[in-house]
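Shown here is one chain on its own, the form predicted on its own, set out as structure tokens.
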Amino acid sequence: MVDGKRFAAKRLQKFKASEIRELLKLTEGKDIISLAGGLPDPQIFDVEDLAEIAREVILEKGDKALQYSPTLGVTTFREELREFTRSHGIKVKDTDDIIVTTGSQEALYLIGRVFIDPGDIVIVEEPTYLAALNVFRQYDANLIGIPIDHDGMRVDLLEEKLVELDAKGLRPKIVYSVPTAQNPSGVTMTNDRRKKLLKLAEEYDFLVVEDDPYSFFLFEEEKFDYLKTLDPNGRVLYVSTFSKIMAPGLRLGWVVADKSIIALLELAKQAVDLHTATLPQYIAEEALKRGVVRKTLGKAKKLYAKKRNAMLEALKDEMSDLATWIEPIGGFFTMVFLNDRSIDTSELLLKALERGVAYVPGKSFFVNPDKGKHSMRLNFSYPSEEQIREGVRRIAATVRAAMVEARAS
């Protein structure tokens, strides 16, 4: 039998399996409470409206919806996206354009393909979205992590790093941020820090990628402006997705950026998949026009707020003496940091699975994995409130058992 690995390109060595995708394999079909992957609750899927829209689109627009479409995306859908994005408070200028992608993950892949040469410096929050780290690593980026606190990225530390790099004749190509209801931590960057970040972008001449899947799910009042809105000179690439606001099965994302940037992404996308699937674009267009997306968002925010509260209550009840955590104002996740820094949550995961609960080990979200080995990301969007409480109880029991075992040895 042929061994495919013998023929694999050397660059494949840089590919790393997503820990979340691997965990989903482990938990699928098993009696395990998963606080791991960031799945939407299926209760928010507006199945009847989407079924009606899909039927009408195929019957009435099948000649277009079942056909090839432009690489940038279906023109009428992009127009709806422009208005939807503006209505959410994101400034879309006349000098901007929009490209539709196969989920926001493809958007990150295209950004890496277009802008990152081997050795280019990419600065990220630490911790940050692990799938973004995987993309940047594939392009041999020189990754630098800047710590976060409860107010988001420490831009004071970012400035110190920029000064240090500049003294060596180096500058970053990109700063990547999830500034609102961040994945994995749940924190939101203050407006002062956002303005400072953009000021530094001007001073040190780099692009900013604003990844924004979660600002649609804010459970508390928080005054802030989007980086894209604050950006005066077209340095910000705004990235978002339909996976959270309607359904991940549609595989739709989009990027808003200066026309010169979108043109480059379009060129790269032509070589990847020609264009994003046409049918889902027409379905999403009608869902926007008919208010289905707005209705879904309203239902989701109420549901996820209750689940967020259940998660925080469970952590307080079960883990107050074991860990600290961030109280997210929105999104799908919280990050838990064990007080006992000797516990490696990657090793602990096997014991947690034996107790019937899964989480994502924290070190996957760090440029330097050692910084996050005593942490874990917990998801509250998918499991029920009862599962959240029981899952946290099982995690706490696993941690306590590990501490007892460590003392005994």
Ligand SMILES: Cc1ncc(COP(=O)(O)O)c(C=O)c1O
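The shown structure was predicted, so the numbers you read here are calculated from the model rather than taken from an experiment. So that there is no doubt, residue numbering starts at 1 and follows the sequence shown.
From this point on, the text means the form predicted together with the ligand, which you will not see here.
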Taking the ligand in the predicted bound form as the reference, which of F136, Y238, Y282, Y129 has a non-hydrogen atom within 4.5 Å?
Y129
Please pick, from V175, I99, V178, I111, the one residue with any non-hydrogen atom lying within 4.5 angstroms of the ligand in the predicted bound form.
V178
Choose one stretch from 209 to 217, 153 to 161, 68 to 76, 286 to 294: the one whose residues place a heavy atom within 4.5 angstroms of the ligand in the predicted bound form.
209 to 217
The ligand contact in the predicted bound form: K269, any heavy atom under 4.5 Å:
no
Indicate whether the ligand has at least one heavy atom within 4.5 Å of a heavy atom of G145 in the predicted bound form.
no
Give a yes/no on whether K244 approaches the ligand to within 4.5 Å in the predicted bound form, heavy atoms considered.
yes
Classify T188 as contacting or not contacting the ligand in the predicted bound form by the rule of any non-hydrogen atom within 4.5 angstroms, answering yes or no.
no
If you look in the predicted bound form, which residues in 80 to 115 sit within 4.5 Å of the ligand (heavy atoms)?
G103, S104, Q105, L108
